[in-house]
Structures are given as structure tokens and as C-alpha cells.
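Given next, in C-alpha cells, is a single chain: the form predicted on its own.
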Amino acid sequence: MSDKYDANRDRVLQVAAELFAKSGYHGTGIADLGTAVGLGRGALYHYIGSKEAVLYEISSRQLAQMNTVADELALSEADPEKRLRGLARALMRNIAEHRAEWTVFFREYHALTDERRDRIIVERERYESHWRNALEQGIRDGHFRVLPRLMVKGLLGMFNYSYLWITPAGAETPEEIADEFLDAVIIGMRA
């Protein structure tokens, strides 16, 4: 595809994310999206295929980005606490810069059906496993005490909920907030 096609498709996805975040997936019609981006139904479908395809693309893009970061950290950072910090900082930065997309992901991915929903769940679990692996390594290495298995869900919940309030240009950077969150938790996890 051409650069122009990619740019137009990215614009449609960005506007769709903003509309879905504001009005919900089910509360936003294709006509609303077409009006917002200035495209007729036929041209719009050229870029998106279907409304569910848009929801899948919005939901999967940032998750894929975070899995890429997590994969790289797993290969490059042996220290589990530093790996957790890298994961946390990247996640908070990404949520701050892509609030609409994360709002859609957290609120709407369950509207996906069949294979699309299954792929999102698999990728979300893969991402969570990076956090779990870092925590488990920290326990094995004697840095952290034994933790409940649900600790990863609680830890990620603390970060994920930030989509409601974080901004990239707040009084503290997303990375500083991530460090503060982790500092509070790691003190309690220390062996």
C-alpha cells in the first residue's frame, strides 16, 4: 500500500479511537465515523473493512507495541527489578500518549468476536507473562519475597487504570509516575 493510504488509514483509526473512547464502540456508528473523517461509506470501508476490524486494530496496535518492548527487555535486561521498571515506564508512557486507544482497549475489547477476541486475549496474556516472569525471577534470585499469583493482575491494574487520568505533559512524566508506583510496590515485595 502507499504512504498516502497508510496515512489516511491511520487517521481513520485515530478518529475512530477518539469516537469509541468518547461514545463507546456500540454508541458510535459507521456514519458517525464517516462524518468525522470526511469520507463516504464506500471510501471508509476501503480503509477499515468493518467496524469490528477497526476495534480489533485499535485494540491490537498498542498491545503489540507493548509486547515488542517487553520482548526486547526480556532479551536485554537480566535484572528483574530493572526489567520491571522498563516495562512500567514504557507502559505509562504509551498509555499517556495513546489514551483514546487504551480507553477503547480496556472498555471495549470484549465486543470483539471469535478469532479476533481470542488473539487479543492471547496477546494480553503474553504481555502479562513478561511481568510475571520478572517477578518470578526476582523471587528465585532472592530479591522479592514469595508473592500471590494474582500480584501481576493487581500491579498491572494499578498502571492500566491510569488511562482515566494520565497526560503526557502532566506535572510528573509518565516515567516518574511509573517509578513512584513501582517504588511503593517493590518496598512491600522485598525479601
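It should be emphasised that the depicted structure is a prediction, and the values quoted were computed from it without experimental measurement. Quick note: we count residues from 1 along the sequence shown, nothing fancier.
A second form of this protein, the form predicted in complex with another copy of the chain, is not displayed here; the remarks below concern that form.
*Asks:* Note which of 38, 142, 42, 154 lies within 4.5 Å of another copy of the chain in the model of the complex, where distance is taken over heavy atoms; exactly one does.
*Replies:* Checking each option against another copy of the chain in the model of the complex, the one that comes within 4.5 Å is 154.
*Asks:* Which residue, 150, 64, 122, 31, has a heavy atom that falls within 4.5 Å of another copy of the chain in the model of the complex?
*Replies:* Exactly one residue meets the criterion: 150.
*Asks:* Though only this chain appears here, would residue 158 touch another copy of the chain in the model of the complex if you measure heavy atom gaps against 4.5 Å?
*Replies:* So residue 158 counts as contacting another copy of the chain.
*Asks:* Classify residue 82 as contacting or not contacting another copy of the chain in the model of the complex by the rule of any non-hydrogen atom within 4.5 angstroms, answering yes or no.
*Replies:* Heavy-atom contact with another copy of the chain at 4.5 Å: absent for residue 82.
*Asks:* Can you work out whether residue 10 and another copy of the chain are in contact in the model of the complex, taking contact to mean some heavy atom pair no more than 4.5 Å apart?
*Replies:* So residue 10 does not count as contacting another copy of the chain.
*Asks:* Any of the heavy atoms of residue 49 lying within 4.5 Å of another copy of the chain in the model of the complex?
*Replies:* Contact check for residue 49: no, nothing within 4.5 Å of another copy of the chain in the model of the complex.
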